[in-house]
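Only one chain is shown below, in structure tokens, and it's the form predicted on its own.
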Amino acid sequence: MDRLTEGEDCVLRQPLADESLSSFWVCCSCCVTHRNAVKLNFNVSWLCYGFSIMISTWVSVIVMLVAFVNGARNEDDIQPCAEVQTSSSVVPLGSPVTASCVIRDGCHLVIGQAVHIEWRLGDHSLPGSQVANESGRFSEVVIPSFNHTREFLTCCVRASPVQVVGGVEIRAGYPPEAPQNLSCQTNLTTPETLTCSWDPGQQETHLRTKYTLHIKIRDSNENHTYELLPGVHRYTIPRSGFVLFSDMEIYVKAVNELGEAASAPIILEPISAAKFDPPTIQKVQVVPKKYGCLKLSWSLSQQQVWMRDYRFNLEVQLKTADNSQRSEQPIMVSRVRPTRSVDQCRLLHGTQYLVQIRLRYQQGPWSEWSSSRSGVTLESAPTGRLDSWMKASGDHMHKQLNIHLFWKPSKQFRANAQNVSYIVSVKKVPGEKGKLCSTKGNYCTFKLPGKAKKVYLSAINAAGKSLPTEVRIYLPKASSVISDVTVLPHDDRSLLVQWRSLVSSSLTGFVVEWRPLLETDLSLTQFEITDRNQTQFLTTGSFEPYKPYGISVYPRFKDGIGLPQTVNAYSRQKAPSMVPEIQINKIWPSHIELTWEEMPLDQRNGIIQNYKIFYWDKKGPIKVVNADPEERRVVLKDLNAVSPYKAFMMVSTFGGSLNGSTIHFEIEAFDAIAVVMIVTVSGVGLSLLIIFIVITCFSNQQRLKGQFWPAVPDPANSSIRRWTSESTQDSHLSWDNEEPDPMYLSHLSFLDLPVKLSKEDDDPWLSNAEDTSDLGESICGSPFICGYSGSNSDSVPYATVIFSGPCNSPTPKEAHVYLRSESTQPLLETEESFSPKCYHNVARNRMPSDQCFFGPSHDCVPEKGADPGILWDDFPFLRALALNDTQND
């Protein structure tokens, strides 16, 4: 051990590998080591040798003398300044540790002064007990619980500065645990080996632990021990260290400085611990005349075919090709040789199966599964019934219904063949007559015959046909008891459908229908029938994330199918794939209307929750407006004029949001020039309209005057006042020879009657009211009748005379029908016509006699035997009409 030079401070160093930790010393500087002395001697000798050549002999003598003096020192003078001892340098973790420190009398650090000893564990000070003796150079320390896995305990002398005079390293840990789960596996491939592995235990020892593997072959009494590298818990034994068909005892031993432990020994035959290669299925065949049976032929791998005469345990895994059914547990086949085939029965008829097998020898490990081979069992007629769901549309009143029929296999249905078709017929026994449709799918659409109340669904394969499933036709009803349909994602492959329903005595159940909205193929429609008390259903199937599905709930009644409630649903949602482009629809002085197109269904990736429009200008903050997803429009109000704006849209679903591109727009200020131009154009147009109206009024002055200010005759100035009573005294006037007195009439109207009037005929007024005209409007005033005088005249008649013949015909012998107005006021053309009444005439004998025209009345009945010739003498007004008739002739 090296000493330090005189006056050099004491330092702590690591112990050498071959040093005992209990005898590790750290010494203070007190002398020159022997090794340094020898080195100095060697150097001085060479110096003397050089000088002996160059200088005198006496220098050589002096150097030899110095070397002799230094060589007189020996290693007995090398002594430590202090000695530290402990109970053990390796202790269990958490156990107490006791240490002592003794300072040598010759230590120059304590010569002539009081000694104060301190203990340190790493960087922390420990309280020590100093033994009361004359020198005071002995101290002990007790650590009640050593919780460090490795640390230095040092003894120091209190000086300026504090000097370390001794120390020792203490390590702590745990004894090893017994190795657990020892197992060995034989590898039969080239090269053949036996590999054993184990678990070292749950607890870390914190000490170096050595593992050894011990093997004893019982038949040959051979023992083998294999040492492992630290930290390795697995070892592979070569082929020379074991025998395949001989029992071996194997165990593992663990050793460290605190103790040792061994695992429980295992006894095994290496061949029984061999993991074989996956076997090979040669072929899968049908067992003749056995329904639901397959025969498997198999073999070992090429490297292990030498064991073909040994018996193995097999496991057979079967599943249908469409993966609709799979055996819950593999089928165990015990003690079978590779040279013999294996039969598997109780399988579905006419079904394609995929077969896999694996094997092991005795209780050894299972091999990996073999590759799959397929086989088909014998076919038989379909069995069981089909679950069906029917929807009707069309006019059921006229018996023109379109039926959409869907079906699926029930739990009891077995197709018993790979190729199955379905027939829908109105007859129970399917045939060409009455067949509505035939398909290999799961749905059919057809027109229902008029009197059909039910149809029959049958499955047919090459081996036969199933019993028909009766499907009753339910008509659609305009009633619904379902409300509040909600769909919640249950997981990636299922949706939970919930609904509410009203209580109805005729309700028999519900039908839940779902289909992908992005597909038009009706064969993808799925359904499930529930009872009337059920208000939720978990739909399962191949739901794709981010794809929309339409889910409908139909109520089923005793006499029909009610109206459904339909919602869209997603198994998983995310942000939309695109944002529609914003378009400017209208611009006002202070607000603007923005619109956008509807998003494509395949781009939504979820249910659209809202559209948000963010807009801002250079001065103001960002504003947000929410838009209704159904309207797809929004109006931005209170915008500043002549201030450029920016805006973009954010579309949100339950799975995220996406922002669209930014648009720019600007609200134009109020333009005075445009307003002046609009007012000017409007004024010019209004002026032209007024000028046109004035010109029109002047050009049609007379017509307008007659329309707004009609000419009303004045009875006081009428020529009728010149009529004298003497005119009634002249009788038997001769119309051909005598000129009548001039009569002045305000208006004459002529009526052309289609039939000849007679006393025996009915009243023409009452029988044909359409042939008489109102007062002031001539029925004879037609352009096809002579002497036309229409309703545009300026005068209004006071009486109407009805002739029985045309205007230009000779004077009839029958009396004219005369109607007199009893009104005392001036008549206007717009007045309504009135019913005729009896006209009172003065008879020739001055006795009043009533003449009744145009039909009977309550107070006047015309006399049948009156002479018509007397009428002209009694009416001077009518006598004037005779003149007109003479002129016409």
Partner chain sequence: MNSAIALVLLLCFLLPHLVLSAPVGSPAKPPPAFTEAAEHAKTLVEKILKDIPAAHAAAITTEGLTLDPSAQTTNLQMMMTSLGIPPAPVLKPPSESFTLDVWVSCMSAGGRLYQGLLGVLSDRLSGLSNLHADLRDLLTHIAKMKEVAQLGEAADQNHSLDLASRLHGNYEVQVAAHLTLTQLRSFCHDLMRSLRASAAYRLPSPTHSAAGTC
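Numbering follows the first chain given and starts at 1. Every value quoted in this text rests on a predicted model; they were computed, and no experiment measured them.
FYI, the form predicted together with its partner chain isn't displayed, but the following is about it.
If you check its partner chain in the predicted complex, you find a heavy atom from every one of 192, 222 and 303 within 4.5 Å.
Interface membership of residue 241, defined by any non-hydrogen atom within 4.5 Å of its partner chain in the predicted complex, is confirmed.
Contact check for residue 138: every heavy atom lies farther than 4.5 Å from its partner chain in the predicted complex.
A residue is said to contact a partner when one of its heavy atoms sits within 4.5 Å of a partner heavy atom; residue 246 meets this definition for its partner chain in the predicted complex.
For residue 309, a non-hydrogen atom is located within 4.5 Å of its partner chain in the predicted complex, even though that partner is not displayed. Just one listed stretch, out of 569-577, 309-317, 555-563, 615-623, contacts its partner chain in the predicted complex at the 4.5 Å heavy atom level, and that stretch is 309-317. In summary, among the residues 118, 269, 83, 379, the only one with a non-hydrogen atom within 4.5 Å of its partner chain in the predicted complex is 269.
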